[in-house]
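Next up: just one chain, as structure tokens, the form predicted alone.
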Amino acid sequence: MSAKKEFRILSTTAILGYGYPLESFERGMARKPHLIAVDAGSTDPGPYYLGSGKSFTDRSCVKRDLRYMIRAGVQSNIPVVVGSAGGAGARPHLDWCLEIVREIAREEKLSFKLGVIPADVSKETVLAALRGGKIKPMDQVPPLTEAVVADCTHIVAQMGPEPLMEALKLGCQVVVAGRCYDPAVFAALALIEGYPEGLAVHLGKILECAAIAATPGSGADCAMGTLTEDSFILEALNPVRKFTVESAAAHTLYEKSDPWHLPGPGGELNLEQCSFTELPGGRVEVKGTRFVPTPSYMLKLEGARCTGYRTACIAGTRDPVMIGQIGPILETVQGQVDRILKDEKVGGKIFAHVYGKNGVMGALEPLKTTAAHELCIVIEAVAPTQAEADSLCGIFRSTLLHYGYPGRISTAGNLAFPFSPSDMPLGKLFEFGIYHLMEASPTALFPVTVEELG
């Protein structure tokens, strides 16, 4: 353990680019943190961003968030660590974020050592591991095949804290990494300082969403975590928020299926002896979390592949006669469209998502009838080419628009369209082809490079 009695971590926002009040950030800086860190990515927005190499966050918003963090960190000699750069954390996303960092350094006339850690994994590496029996699927995921690997545009691995620790040990004042295990950016420096891994990673698990874990929660506000030798303390940096036992425990279980064992790179958090205690001032103290290493070090792989093209159309109806029989109407229209597609040899699939009835849960919706006075119908066409998706969407839309269902009084115009043109080509459709675990070294896949800025 280092001479420090406590280790303070400032988490700025739930995802880089979501923003945070400058007042909250300044309160955090007044506490003299030892680390400023932020998670910049997620798979929550779906596979499109990994597959396409595009960010799901706005560039100007990311630059605003980073400007305050980097300027304050460099001027105060506090390391700044960013993980899952650009959203999905592949090389295009990392380069996108690095360009912003370099712009800030020039504009603010800052000089610092920048650590860069890509998270891309080559197809050759994945194939070698697959052939060597070192890859296994996550729950509910089919076994990986060589064909799927070949189809993926980008493949990344979620790095643990070890590559980040390497960059920090090299004296990097700002570290920008590709795809990361979310808690890693918050835990890495604390692990160098000798704090318990279970507590450091658990704290990172909560801080990665910043003030979402407080109440009332917000994805666009800061939070502070303080590590000690046997606990960590959570506190909000905005007087309108506070941490409670309920909010801290709830976020510990966020996105987890097992409340006692939280897996990650190289091991799992064991919460069987974990306790949450409310402290004065809207703070919560957490104790008892242990890190249990696994027999082999496993990394989560993520890879996205293009499976076609998509076109969508948004339409509404307020006809109670149509609403009362929307299920049979859509089934009949689907049958008519299928016959046309077969005759015209147009490939693809059509989906009608009925919001106001079962648009969220689909066939799993337990309420089979609706009392809604209006419905939103999102028509989704998926096909091998954009032209086929456009045709498929147009055929279904026009057929439904003029379909003569029982009880209809008007002779046309079943649907109302909020936009013109009504049909929106959405481009390539991606899916996660790789969502698997691979046995690997903690650092071998993640080379660290150092760049002197200024």
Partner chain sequence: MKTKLTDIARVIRSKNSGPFELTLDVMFKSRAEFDAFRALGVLTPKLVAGLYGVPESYILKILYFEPANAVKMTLRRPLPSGAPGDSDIYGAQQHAPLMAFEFEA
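It should be emphasised that the depicted structure is a prediction, and the values quoted were computed from it without experimental measurement. Positions refer to the first chain, counted from 1.
The next section is about a form of this same protein that is not shown, the form predicted in complex with its partner chain.
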item: Triplet 140, 256 and 380 all within 4.5 Å of its partner chain in the model of the complex via a heavy atom; value: yes
item: Contact residue in the model of the complex, chosen from 127, 346, 330, 250 - any heavy atom within 4.5 Å of its partner chain; value: 250
item: Contact residue in the model of the complex, from 371, 360, 279, 240 (heavy atom within 4.5 Å of its partner chain); value: 360
item: is_contact(residue 245, its partner chain) in the model of the complex, heavy atom dist at most 4.5 Å; value: yes
item: Interface membership of residue 295, its partner chain in the model of the complex, 4.5 Å heavy atom rule; value: no
item: Non-hydrogen atom contact residue 47 with its partner chain in the model of the complex at 4.5 angstroms; value: yes
item: Contact of residue 310 with its partner chain in the model of the complex (heavy atom, 4.5 Å); value: yes
item: Candidate stretches 360-368, 317-325, 85-93, 219-227, one within 4.5 Å of its partner chain in the model of the complex by heavy atom; value: 360-368
item: Contacts with its partner chain in the model of the complex, stretch 420-443 (heavy atom within 4.5 Å); value: 429, 430, 431, 432, 435
